[in-house]
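Two forms, one chain: they're shown below as structure tokens, one block per form, named structure 1 and structure 2.
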Structure 1
């Protein structure tokens, strides 16, 4: 390294030190952004990533847009989604009890049950991204408490119905 390069390096290095002090000095004067949780709460939860939930159809919000294609189940790296849909009855057995099978099922266009196990979910968003009909999104439910891991298995169909009724 030549002498001029050495001095140039020292000059830029020294300058970076003052730039750094400037940045932290500015941050020092800015208002804090941390919220002291139990005393204050944030009201803007639109960017919050809670567990996934279903999106209802426009004409009937209690029915999900989901077409039971099973793409989300395949995309999920953590194996937390379960989508069951009714297995079409065989000919001559139309009045037998409905049997549920894993999605997709030939001919079935509606899911019978959508269950997410939030205790496994890594909130990666793969499911919502894969869904061809945009039927999945993140909920903004930050207050999830439970005593048992089983309680984090959330029935999304029931949840969608509840939400539709509340509106």
Structure 2
């Protein structure tokens, strides 16, 4: 390598260094964005994406809009959603206990249980996008903490009923 080539390389490197320092300097002079929790509260939760939750009907918020079609389960790449529906009793077995099976079930338009395993969820939103009746949305709860992974299996039907009772 000749001296002129070495000088050119150093000049290019210094230019890149000063461009980077300029960007860093501008960011350093901007107002702070980080919130020091728990001294300060987060105020922009409208854009936060927590786990998915069911949306209730307008006339009865404790009943989900879900029609148990299973589209969200099929669309989920993480396989974290489970929809269980009551399986219709066979002839002569009407007195048998209700058995739950995976959605969709013939003749069943309401889910018996909707469970999300938040420890597996990638928050991609495919379930909410594919739902034909818009029965899924993201929660705005940023304070989900647990010591055991099993606590991240959330029964969305029970959660919807609790939310309806609180309102």
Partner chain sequence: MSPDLLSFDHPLTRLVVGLLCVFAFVGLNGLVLVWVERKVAGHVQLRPGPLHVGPYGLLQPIVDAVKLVGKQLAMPAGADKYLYWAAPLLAFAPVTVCFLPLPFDPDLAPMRLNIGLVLILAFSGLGVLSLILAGWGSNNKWGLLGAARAVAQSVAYEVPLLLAVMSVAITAGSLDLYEITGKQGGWPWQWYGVQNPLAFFIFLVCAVAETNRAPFDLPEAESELTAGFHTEYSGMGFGLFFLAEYANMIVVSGVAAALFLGGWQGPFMSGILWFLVKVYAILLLMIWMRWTYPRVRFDQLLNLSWKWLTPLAIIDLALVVIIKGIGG
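Residue numbers count along the first chain shown, from 1. Here, rigid core means the biggest group of C-alpha atoms that superpose within 1.5 Å across both forms. Since the model is a prediction, treat every value here as computed from it, not as a measurement.
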Here are two forms of the same chain; which is the form predicted alone? 2
Rigid-part split between structure 1 and structure 2: do residue 123 and residue 71 share a side? yes
Size of the rotation between structure 1 and structure 2 [smaller rigid part against larger, C-alpha superposition, degrees]: 27
Between structure 1 and structure 2, C-alpha offset at residue 25 (rigid core aligned, Å): 6.1
How many angstrom apart are the two C-alpha positions of residue 9 between structure 1 and structure 2, if you fit on the rigid core? 16.1
